[in-house]
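For reference, the chain that follows is the form predicted alone, supplied as structure tokens.
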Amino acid sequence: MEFVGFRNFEYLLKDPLFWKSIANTLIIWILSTIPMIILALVIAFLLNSAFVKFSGLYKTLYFLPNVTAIVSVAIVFGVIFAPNYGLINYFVTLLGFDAIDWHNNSFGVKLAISAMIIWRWTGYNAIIFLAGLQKISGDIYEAAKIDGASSFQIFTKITIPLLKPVLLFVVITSTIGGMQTFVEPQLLVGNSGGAGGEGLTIVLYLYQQAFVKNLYGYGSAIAIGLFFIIILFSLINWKFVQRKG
């Protein structure tokens, strides 16, 4: 064993695959987090509405994807996004377009991974939003209606501001979870991250270097790099919290 000092960190900063894994992770995070939060908000509003019956049943159904084994999810989405006989390509060809090779397409593989994340976490976040909505007193809405506020004004001036702490919690936890995306790309495209490493995320790259190539020192350097990236995002979120005050 040889002490190499900071050479692993020097190599890390020059490693194009490390920077590619950061870019892939950020793209997948954006593709998954924004639609997931919007969908979760819509579901929460519907579940909180008086006209929706059997809301307890819907809560259970929406939460089921989060407790489903991720291997089963990967198999199902592997079939849905299969290049030759996949469900998505069936509809794509029905519309007259050429089938898409999702696993070898730069954007397609990120979209497939994002779809798995959205399907798994939307219901979970909807339940959190629903808990926040149910904490808002109905008296506030009644007062706003008496004052002549429209539904849009109630939503933007009352609901969203009062829901902001819950929204911040969901964004922070989704950010931390997004930076640690690992199982979905590994099961969908393997340890290599697929063709051209387009599905290679930071944690998958860490796993590849440390536990596939046995480069434990370099794997540790990647882990420390990931730690600082999460610190950076935490500071950004902290700034948002400070703005709230």
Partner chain sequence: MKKFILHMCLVLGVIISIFPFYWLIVMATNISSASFKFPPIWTFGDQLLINIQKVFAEVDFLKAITNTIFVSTITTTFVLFFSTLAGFVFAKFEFPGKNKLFFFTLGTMMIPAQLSLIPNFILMQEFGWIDSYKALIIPGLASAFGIFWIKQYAEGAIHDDLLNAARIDGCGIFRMYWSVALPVLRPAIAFLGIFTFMGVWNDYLWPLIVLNDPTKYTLMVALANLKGLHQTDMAVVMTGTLLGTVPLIVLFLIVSKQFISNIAAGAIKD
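Small disclaimer: the values here were computed from a predicted structure and weren't measured. Positions refer to the first chain, counted from 1.
There is another form of the same protein, the form predicted in complex with the partner chain; it is not shown, and what comes next is about it.
Practice problem: Would you please decide whether Ile22 lies within 4.5 angstroms of the partner chain in the model of the complex, comparing each non-hydrogen atom pair? | Solution: Heavy-atom contact with the partner chain at 4.5 Å: absent for Ile22.
Practice problem: Indicate whether Ile154 is a 4.5 Å heavy atom neighbour of the partner chain in the model of the complex. | Solution: Answer no; every heavy atom of Ile154 is more than 4.5 Å from the partner chain in the model of the complex.
Quiz prompt | Any non-hydrogen atom of Gly197 within 4.5 angstroms of the partner chain in the model of the complex | solution = Contact with the partner chain, no.
Exercise. Find out whether any non-hydrogen atom of Tyr62 is located within 4.5 angstroms of the partner chain in the model of the complex, and reply yes or no.
Key: Yes, Tyr62 sits close enough to the partner chain in the model of the complex that at least one of its heavy atoms falls within 4.5 Å.
Quiz item: Taking Phe3, Ser106 and Val171 as a possible spot, do all three reach the partner chain in the model of the complex with a heavy atom inside 4.5 Å?
Solution: No residue of the spot touches the partner chain in the model of the complex.
Quiz item: Heavy atom within 4.5 Å of the partner chain in the model of the complex: which of Leu12, Ile236, Leu17, Ile224?
Solution: By the 4.5 Å heavy-atom cutoff, the listed residue in contact is Ile224.
Practice problem: Counting only non-hydrogen atoms and a 4.5 Å cut-off, give the residues of 59-88 close to the partner chain in the model of the complex. | Solution: The stretch 59-88, when checked against the partner chain in the model of the complex, contributes Lys59, Thr60, Leu61, Tyr62, Phe63, Leu64, Pro65, Val67, Thr68, Ala69, Val71, Ser72, Ile75, Val76, Phe77, Val79, Ile80, Asn84, Tyr85, Gly86, Leu87 at the 4.5 Å heavy-atom cut-off.
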